[in-house]
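Encoded as structure tokens, the following chain is the form predicted alone, with no partner shown.
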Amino acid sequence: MPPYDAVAEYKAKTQKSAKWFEFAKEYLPGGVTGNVKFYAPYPIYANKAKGSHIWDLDGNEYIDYMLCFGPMILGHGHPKVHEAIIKQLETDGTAIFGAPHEMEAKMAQRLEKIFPCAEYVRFTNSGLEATLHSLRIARGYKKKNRIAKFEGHYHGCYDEALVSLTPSEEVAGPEAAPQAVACSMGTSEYTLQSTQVLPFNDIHDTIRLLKAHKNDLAAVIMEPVQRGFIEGEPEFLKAVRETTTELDIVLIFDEVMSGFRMDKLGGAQTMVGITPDLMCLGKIIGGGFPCGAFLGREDIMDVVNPVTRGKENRVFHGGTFNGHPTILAAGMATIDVLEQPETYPYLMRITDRFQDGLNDLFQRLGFNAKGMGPGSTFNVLFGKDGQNLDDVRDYRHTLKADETARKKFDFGLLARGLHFHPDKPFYTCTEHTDEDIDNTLVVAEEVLKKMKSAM
């Protein structure tokens, strides 16, 4: 049998996207406005969405498991979100004031009730900005310049966040002491020197490195669930919390991905019973619009306070669109739905049916593959060379996965009406139905059988 050419199937179904890609390249580098939106040979260009479905320029209909990389937890065009936006615009008479408004403090109060660490809240325009400002606040609070992050953790696309994001094994250094690797051109040597890289889910070596650099570290920033699917082991997260407390280092949880996608409100910190000093949110709190927030202990957050501190003794935080009233209205409406008692049980049931169904197919058809991840986000890895996927617990384990098999699987699914970003996690929403999951598993079985017959 000839090799299964899933990319050819994809190209045959998406010819208008291919043509638009050529047009877009004339004006946008790579035909996209952010590298994460690109995948070779070209991405699907969308033009309509409703509920759990999305349509492309060719008129192809897809079950959407990308959901804008996670924010659309209620699906596309949820009526309660639309209603809140229109009401806010009509009531205010404008999209934004620039002046402070009631919605800012109301949303902050609501977040404080959901997240234990949220004594003070400030809003931003993205999760990226939230992590950037939280690091600056920690530096200002501790009056130290170095920060620590974990290998493979994503916090945005500024310099420190990209250090050791996706290093190859050839340059990453020892597993027990990862090297600070620039994962983007333009990263300064100073950034590399001022960023300590830590090994995720490795208690012994993380504690050893923190103690070795305790005198110059202002903060540790981490995803308690790496890239939305590799969970921080409870004992590990507890050890990081205890060690940072002992060494007086600010602990920052980046819960942009996990904040509302665990099996209940409160994020990963609530699931494991650990309270960070600061945390970062984004995506879902904007209800489909650009929004972020950093939250935390009053004494740390106070370093941005213009009432209690003069300019010479204050960390700067600003942004014209911070706390945008229309966006916060969309976020409030989203949380309204998430707080309904039936929402999370339904979302978890649908996600489990999807993830467990894939795992059943992998096992029945003889693939060394696994869907993994908590809550309403999970990823799929194909193992190679006898790799035991049950052992995947950090970034380096993912480097051993079979990228070729995952690519065939991804483009086979895309060609048959499932939308997501190749090689990225799958996201579910409250609008996904049992019929969606049934159809998805039928498609997945067809693709896996094609892959199997060509092996």
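Small disclaimer: the values here were computed from a predicted structure and weren't measured. So that there is no doubt, residue numbering starts at 1 and follows the sequence shown.
One more form of this protein, predicted together with a small molecule, exists but is not displayed; see below.
S.K.: The small molecule isn't shown here, but in the predicted bound form which of Thr343, Asn368, Asn359, Ser126 has a heavy atom within 4.5 Å of it?
M.R.: Contact residue from the list: Ser126.
S.K.: Taking 4.5 Å between heavy atoms as the contact cutoff, choose which of Gly152, Gly288, Gly156, Gly373 touches the small molecule in the predicted bound form.
M.R.: Contact check passes for Gly156.
S.K.: Does the small molecule get within 4.5 angstroms of any non-hydrogen atom of Ala138 in the predicted bound form?
M.R.: Residue-level check for Ala138: no, no contact with the small molecule.
S.K.: Classify Val240 as contacting or not contacting the small molecule in the predicted bound form by the rule of any non-hydrogen atom within 4.5 angstroms, answering yes or no.
M.R.: No, Val240 is distant from the partner.
S.K.: Using a 4.5 Å heavy atom cut-off, state whether Arg314 contacts the small molecule in the predicted bound form.
M.R.: Judged by the heavy-atom cut-off of 4.5 Å, Arg314 is well away from the small molecule in the predicted bound form.
S.K.: Within 4.5 Å, heavy atoms only: does Arg227 come near the small molecule in the predicted bound form?
M.R.: Flag for Arg227 set to yes.
S.K.: Picking from 166-174, 208-216, 75-83, 127-135, which part of the chain touches the small molecule in the predicted bound form when contact means heavy atoms within 4.5 Å?
M.R.: That would be 127-135.
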